[in-house]
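Only one chain is shown below, in structure tokens, and it's the form predicted alone.
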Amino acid sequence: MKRIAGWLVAVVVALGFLLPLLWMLHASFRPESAIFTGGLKSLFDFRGLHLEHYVAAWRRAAMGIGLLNSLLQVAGILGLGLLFNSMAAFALARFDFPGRAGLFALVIVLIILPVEVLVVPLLLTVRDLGLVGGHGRTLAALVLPFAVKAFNIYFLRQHFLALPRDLEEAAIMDGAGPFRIYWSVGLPAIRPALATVLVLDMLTHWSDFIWPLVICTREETRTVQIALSNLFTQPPIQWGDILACAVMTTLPVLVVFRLAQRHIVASQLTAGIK
């Protein structure tokens, strides 16, 4: 009975979180005049469902360009970040060099700075580097400032510290150098932590709004979140189109999270060492 009661509580809590998503998905197929009628009972009303909102949202918000730009932005940040952050974390965890403690302290300090504080300095920096304007330059401006993150370096460093020294010593006896130890021993051992960092970065930068709003000055450079926000300002305001756009924006995140779910870890390294 305790197990059944636990499952019932879990189902009720899960439904509480899922109901807004289910309503958003269902309402995106309903006629515009019926979206806000019927309350929760409308979830079971399947009359008059259609795809017109998705067609209109794709056209009005230029979702194709927005999805492509967001995909390129996230892919660039994840790819460069996976390399740079893991290399910096490995160096801070396994190498002994002058100033290591001070450098790590600086990394900790940088974690507390919100992006709102950095927007103006970042804008001035990318402007001076000539990264404002064309599609390629704007994409570089979206990716480069966020490829390296203090939190990711800290998080990966803690996992590298948990690696047994025996693994490193065995690799050295086999003739492996520092980079080979990092690539062939360190990275495979912290694979769950890497997956966690990738998913967190995906969630963070897929929903980026402030920085793309500042840097994406042309329609062909806008990300998916800017495309979605435009539907709130382009008359007529059609809530069906907005909800359809929100569904298309949410699906990639759900897919990535589902694929990486079993690899996500909080702080332990047991699965990685095995």
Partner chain sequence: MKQRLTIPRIVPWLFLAPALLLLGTFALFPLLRGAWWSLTNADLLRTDAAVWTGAANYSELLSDPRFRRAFFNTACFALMVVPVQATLAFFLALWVNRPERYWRWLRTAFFLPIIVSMPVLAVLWTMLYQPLRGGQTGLINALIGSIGLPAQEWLQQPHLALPAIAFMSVWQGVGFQMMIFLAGLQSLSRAQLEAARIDGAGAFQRLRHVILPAMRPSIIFVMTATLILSFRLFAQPYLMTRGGPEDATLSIIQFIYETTFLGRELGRASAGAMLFLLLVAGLALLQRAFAREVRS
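Positions refer to the first chain, counted from 1. Keep in mind the model is a prediction, meaning the values are calculated, not measured. Take the two forms, superpose them, and find the largest set of C-alpha atoms that agree within 1.5 Å; that set is the rigid core.
There is also a form predicted in complex with the partner chain; it is not shown, and the following applies to it.
Screening V185, L122, L139, L198 for any heavy atom within 4.5 Å of the partner chain in the predicted complex leaves a single hit, L122. Contact check for G79: every heavy atom lies farther than 4.5 Å from the partner chain in the predicted complex. The partner chain is not drawn, but in the predicted complex it has a heavy atom within 4.5 Å of L118. Using a 4.5 Å cutoff between non-hydrogen atoms, M24 counts as a contact of the partner chain in the predicted complex. For L51, no non-hydrogen atom is located within 4.5 Å of the partner chain in the predicted complex, even though that partner is not displayed. Taking the partner chain as it sits in the predicted complex, the stretch 239-258 comes within 4.5 angstroms of it through a non-hydrogen atom at W239, I242, L243, A246, T249, T250, V253, L254, F257. Once the cores line up, the CA of S207 ends up less than 2 angstroms apart between this form and the one not shown. Taking the rigid core as fixed, one finds a CA shift for G38 of 2 Å or more between this form and the one not shown.
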